[in-house]
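Single chain ahead, written as structure tokens, the form predicted on its own.
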């Protein structure tokens, strides 16, 4: 006998501790309808950046939008400000920005994969992945001096250089982390209970991705080849250091896991190339100008396209700062992806989507 149930999920749920609320309409175990409330938490960061802080300070303020995506926010803002100022930063600063962006991608993807393991019932594997993520946090601390709020990119370049000793330590620890991730990759590729049984689960096809304007690994797992790194060679020399777009075709939980692993292995390649080819140059390009006019900046954060719009009026304080985070772009896809799925599959599907409401609630 068919029974219709309405089941709420979030924001207080073991699989969703974020200001995002879903309401699932289920016929027995199958989800037939989905409503979502993003539940904005207005922290006033955008307004503060356009009223309380000078434009050079804003790069450090937007780093507080999210602990996971701090490097992405500071770099995206700094690039927008540099466009307004007409600044061309040194190649060394560009290489160092790429270095920390890819280290950040490692630690963010590992957190997502850890939650995927946890939401499928693999608590021991969750702890193992978090141990490996700790290694990536140590790498970021070596370069930036901090574990969470990195304060690395700034208007005109970066705040810290790397020494020969740091470079050697990075190389040593990266080699160990890469070996550990190769073992994890094999588990995710071959284990039935963890990953293989989610082939075909939580899937969107390429046409749906395009109609819903989804971004990041969610889009690339469905065969849609979109990645800001392939379009912004004028800002950072991605192709020069070995960037490759990673695309799968099935658009399901399994494909999203595989895309993230493949992107991490490409991150290792990029980091190695950056360290081998590090150019000489200044860390910061100075200017006494104030921002005038409007500019936008796009950056491929771990979850997809991060978009910044800023407006200056030739004073030290900006007139407008507006941020669009990748999770906000993906909410429409989140709603669609649950339709027709078994309710028991909601936690692993949700983990594979890797939502970050801290970026969205700013």
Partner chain sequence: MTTFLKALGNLFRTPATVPYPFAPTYLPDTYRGLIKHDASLCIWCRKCETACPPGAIVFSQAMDGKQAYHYNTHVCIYCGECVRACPKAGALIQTNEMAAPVTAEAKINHSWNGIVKEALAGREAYAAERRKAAAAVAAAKAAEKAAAEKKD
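None of the values given here were measured: they were computed from a predicted structure. Numbering follows the first chain given and starts at 1.
Same protein, other form: the form predicted in complex with its partner chain, not shown, and the subject of what follows.
Which of 245, 187, 278, 206 has a heavy atom within 4.5 Å of its partner chain in the predicted complex?
When its partner chain is considered in the predicted complex, the option within 4.5 Å is 187.
Quick check on this chain: which one of 237, 145, 200, 223 has a heavy atom within 4.5 Å of its partner chain in the predicted complex?
The residue from 237, 145, 200, 223 that makes the contact is 145.
Can you check 100 to 108, 252 to 260, 134 to 142, 87 to 95 and let me know which stretch has heavy atoms within 4.5 Å of its partner chain in the predicted complex?
Stretch 134 to 142 is the one.
Residues 57, 64 and 191 are flagged as a possible site; in the predicted complex, is every one of them within 4.5 Å of its partner chain by some non-hydrogen atom?
Yes, each of 57, 64 and 191 comes within 4.5 Å of its partner chain in the predicted complex.
Check whether residue 124 has any heavy atom within 4.5 Å of a heavy atom of its partner chain in the predicted complex, and answer yes or no.
Yes, residue 124 sits close enough to its partner chain in the predicted complex that at least one of its heavy atoms falls within 4.5 Å.
Can any non-hydrogen atom of residue 160 be found within 4.5 angstroms of its partner chain in the predicted complex?
Residue-level check for residue 160: yes, a contact with its partner chain.
At the 4.5 Å heavy atom threshold, is residue 182 in contact with its partner chain in the predicted complex?
Residue-level check for residue 182: no, no contact with its partner chain.
Quick check on residue 178: any heavy atom within 4.5 Å of its partner chain in the predicted complex?
Output for residue 178 is no: heavy atoms all beyond 4.5 Å of its partner chain.
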